[in-house]
Ligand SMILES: NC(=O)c1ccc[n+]([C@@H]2O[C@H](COP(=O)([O-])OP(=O)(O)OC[C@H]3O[C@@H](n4cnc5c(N)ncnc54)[C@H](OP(=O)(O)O)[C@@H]3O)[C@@H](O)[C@H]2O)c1
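Just the one chain here, the form predicted on its own, laid out as C-alpha cells.
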Amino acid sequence: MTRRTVISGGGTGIGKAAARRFAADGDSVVIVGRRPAILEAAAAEINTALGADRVTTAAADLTEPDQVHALAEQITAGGPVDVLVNNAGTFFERTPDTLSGIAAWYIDTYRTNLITAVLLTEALLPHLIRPGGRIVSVSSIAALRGPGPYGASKAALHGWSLGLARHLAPQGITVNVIAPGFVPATEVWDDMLTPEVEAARVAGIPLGRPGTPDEVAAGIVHLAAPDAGWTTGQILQINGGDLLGRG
C-alpha cells in the first residue's frame, strides 16, 4: 500500500535525499519549504529520475502558525499522513555584542530549528495514521556536544521528541531523532565551508571522511519503515564515529 510522507526542508540536502529514497520505495511524498522554485526543481529532478510523479510540493514558512495551519489543510485534503520528517533548520553564524543581539540570535535559531518541527507536527498530528504513524526529526551532533544556540536548539528538539514519543506510544506512533555529524553537502555549510574547515572536521572522524545526505537519509527511511514499530524515543547518531555511544 502506498504511504504518504511529508518532509520539511525537502528541497535540498538531507531532505531531498530522503524524498528521493521514500519516492523510490513507492511513497507519495510532499516536500515542504519556504522557496517554491527550489522545491519544484527538486520534485522535478526526482520524478524524472524515477519516471513517476511521486513527489509534490507545498510552500510555507514553518515559523508562522497561520501558514502552517493552511499548509496542513492543503496536505491533509489528500488524505492521512503516514510519515512526517522534520528536517527544516539551519545555522546562523553571528557574533552579537549586545544582549539584544544575543537574544535575537537565540530566538531566531530556536524558531528555525525547534518551532518549525513543533508547529508542523502539531498541525499534522490529528491526521497521522494510528497505529503505524512515524515521526522522524533531524537534529545534529551539535545537540550532544554544543556549541551555542544551534546546539542548544537541537538539544531542545531531542527533549521535545522524547516527550512526544512517550505521549504517542499508546497510539502506535513512533517518534525518533537522527543526529548527523559532518555532512558538508547541505545548505548549513554553504557560507562556512573552506578546505581548512573541512580538513579539521574530517581529522576528528575515525572513518576518515565526511558523511553524505544519502547516508543520513538511509537512517531516516529505516526509522520510518513499517517494520520499525518497536523503535521509539531513540536518538540515532550517524557521524562516522565522531561521537561514540551517546544518544
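Numbering starts at 1 and runs along the sequence shown. Quantities reported herein were computed from a predicted structural model and do not represent experimental measurements.
Missing here is the form predicted together with this ligand; even so, the following discussion is about that form.
Residues within 4.5 angstroms of this ligand in the predicted complex, judged by any non-hydrogen atom, belong to 133-141 and to none of the other stretches in 158-166, 133-141, 76-84, 97-105.
Contact check for Y110: no non-hydrogen atom falls within 4.5 Å of this ligand in the predicted complex. In the predicted complex, H69 stays away from this ligand, with no heavy atom inside 4.5 Å. Not displayed here, this ligand is kept clear of H222 by more than 4.5 Å at the level of heavy atoms in the predicted complex. Proximity of I14 to this ligand in the predicted complex: non-hydrogen atoms within 4.5 Å are present. The contact with this ligand in the predicted complex, taken as any heavy atom within 4.5 Å, belongs to D61 out of D191, D61, E196, D53. In the predicted complex, the residues of 64-92 lying within 4.5 Å of this ligand by at least one heavy atom are, in order, N87, A88, G89, T90.
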